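Two forms of a single protein chain come next, each set out by itself as structure tokens; they are called structure 1 and structure 2.
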Structure 1
Amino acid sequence: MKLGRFSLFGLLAAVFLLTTLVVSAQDVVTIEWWTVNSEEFDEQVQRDLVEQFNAEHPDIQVNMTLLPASGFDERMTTTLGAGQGAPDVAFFWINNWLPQALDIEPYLEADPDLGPENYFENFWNTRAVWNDTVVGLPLGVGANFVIYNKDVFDAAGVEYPTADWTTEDYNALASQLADEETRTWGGDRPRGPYRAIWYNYGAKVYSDDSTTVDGYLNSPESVASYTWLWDLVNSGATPTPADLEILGTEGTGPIDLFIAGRLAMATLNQGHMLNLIDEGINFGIVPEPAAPGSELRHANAWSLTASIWKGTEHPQEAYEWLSYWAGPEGQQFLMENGNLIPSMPDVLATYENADTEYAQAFFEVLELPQVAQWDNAHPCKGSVMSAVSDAWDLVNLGEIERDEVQATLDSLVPVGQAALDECLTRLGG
């Protein structure tokens, strides 16, 4: 049977179309992306972002794998350690993973639309740069600050705290606002030592060169920090750890008491801030207080490092997704459809409540020097802190006297030094 001229033409066209589709399918690069649910972006918001990217990039398709937060670390550690099976793009939020992150500086240099200048400088320095290498992009920002309940202050006839307040001011306000009869507390306690307030005092747990604990853990600055905490604990103006365990829910701690109007001041973060907006709470924000007579001010702030695995077979395509996800398009999307606070000032400026008093106060906190700047450069801090935790526990439990703070810290120097030496040896110096 012979084919007619037009039938032959149709057959050839069909073969050509089929060949084109096969070639096109082969040209599509699939990028494996691992992520988790969070308060800032849930599963659906992230899937919607992927769908938008895939539609705009037909030659690159992102395959999203949502892992439980509890299993993410184990999967990443296992695959990175094995050198195979890791995702092309993921959060690299543990420093031990960073040697396995691709240096993206060459890709940024070739990108006319994205660079370090697009991000908050402090978050770029603490989250994108590691060992003088650009290991990722900072996605979102967060920080601790003190939120105060204006209605509680107004009812007590007490003036609001201001951004230039001190730790002495904090203790005085907490005592003024505490009411034992109504079980209302004036303030809460910091989450741990050697965070913003300790750094505001100029205290460090060991030396900058990571060799010496003596003269740092037990320095006048450290003693002053712990003594301030002792005064706060013994004022009776804060909930005890037992109070928080009984009254707090779902690990949120002071936020529950704050919403209930039983805590006048609390050290919280931007996620709690959004919760308070939803609850209609009348609040204000100030940075954590400085030491008396000091101009040092720090923020306990963070961002998520979004990175490319250096073992990826598609670095350029992985960068296309990374720069979309953690760049202006992705962060704008996650802000508008989720609860992300962007790490990019230009994007953050479009936040719907950017002109409010509380938002402006929060933005000022984001500009402060960060605790992470020292912490990231000193990976043994956690080991030393664990070894000397008795000081924190004894003060919070009221088991030492005020004049015993110095002696307590002195007594912990040997165990702190042993922990530092062990850590340095384990990390190869």
Structure 2
Amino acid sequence: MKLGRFSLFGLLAAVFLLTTLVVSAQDVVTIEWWTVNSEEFDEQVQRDLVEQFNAEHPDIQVNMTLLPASGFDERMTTTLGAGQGAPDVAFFWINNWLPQALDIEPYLEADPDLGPENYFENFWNTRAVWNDTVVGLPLGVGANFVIYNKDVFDAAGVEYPTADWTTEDYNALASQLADEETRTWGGDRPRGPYRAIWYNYGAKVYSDDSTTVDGYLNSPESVASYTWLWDLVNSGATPTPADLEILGTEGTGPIDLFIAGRLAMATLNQGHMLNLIDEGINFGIVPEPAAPGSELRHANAWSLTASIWKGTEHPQEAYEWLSYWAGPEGQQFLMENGNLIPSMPDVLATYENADTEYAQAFFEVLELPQVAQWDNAHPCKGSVMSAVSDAWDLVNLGEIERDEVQATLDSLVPVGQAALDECLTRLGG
């Protein structure tokens, strides 16, 4: 009996010990996190952030996978398509991935420290909310704006542009600043239609209810936007597509040409702005110009949607990391140690260069209505734009006359409509 009780005790102790061992082994949850190395996400800063988080959360181990920015999309698409091996937490910066993002609303509601009110409202609306669900947290902010080289302006004796300028002012300034001898151009040309300037003209590629191309692609507003581009192209004050592609960088903006002092005005972004500070360039910032006689002004702005994969086995722990990474702690850390411009007003308020002229001008751009508002609600925009890209090419190559813009757009209506119809069927109406 004694022995029996003893052995029973022993058995219980053993079971207890084993359970604690198993439980404690299970207690540490590994979260796979994929990120990139880029201007605002420096490799070492991100490693330090993970280390800090892991130290503060002994029960969660975040495992960082660093991918090159140029290959991140292929990798994510492949894993999401295979339905396995996708990361618990990552950037879901392509809208087509979002059906695979976890709805984090329940976790947000249970979280006393974090909510939509902590983020810039327009970025929350365009990047966190999708199809009426909360698919992630907007991490960092970015925007396009016109950067001008003050030294080039001063040398030419031309006044700096102001925030209330128009597209006509842009062309006039560009012409004044262009200098054939030093091969300096006045200003670059937009990188595609139906972005900030087209929206400032009130031009849309198709109707708001996604049914009609006729009367939109070829509307007076569209014609006016393309005609403005035509004027700019034919003024000779803007680099040719050849120059832009060679001297620019990978389609995001002619930063290298600007640094070389051969472009007085360029539509660039906050990442480029930081490059310019590093290079010691004397520059100023204004929003993209409005249409003549119009107050309407848009910004091509973005934030990166940081999300949890639907297939994760540890949604709670994944949320812990997500809300740290894209929450106040992470964004503060990434701002202070790296180059991130945070998407949270309270964090941005502590930005060390917040008082500088360029930072103030940049913050004003962030307040503007965004191109993404319309674009996010219209997933067929890309397909239709690609179908009607001839108009863009023809104007840019200088292959049509000024009065042929209308006819060219008219002629593209049928292919645009066909692309829209096909896209709608594909997306299921």
Partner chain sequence: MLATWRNMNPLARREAAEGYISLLPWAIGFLVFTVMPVGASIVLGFTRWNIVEPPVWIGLDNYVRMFTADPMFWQALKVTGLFVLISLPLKLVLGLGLALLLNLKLPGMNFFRTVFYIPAVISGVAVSLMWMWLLQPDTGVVNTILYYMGIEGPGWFWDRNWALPSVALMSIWKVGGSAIIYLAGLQNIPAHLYEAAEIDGASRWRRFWRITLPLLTPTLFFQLVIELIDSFKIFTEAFVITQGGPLRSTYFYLLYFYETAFQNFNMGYASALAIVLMVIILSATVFVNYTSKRWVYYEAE
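Please read all numbers here as calculations on a predicted model, not as lab measurements. Superpose the two forms; the largest set of C-alphas matching within 1.5 Å is the rigid core. Structure 1's sequence is the ruler for residue numbers, which start at 1.
Structure 2, not structure 1, represents the form predicted in complex with its partner chain. The two forms, fitted on the rigid core, differ between structures 1 and 2 by 2 Å or more at the CA of residue 80.
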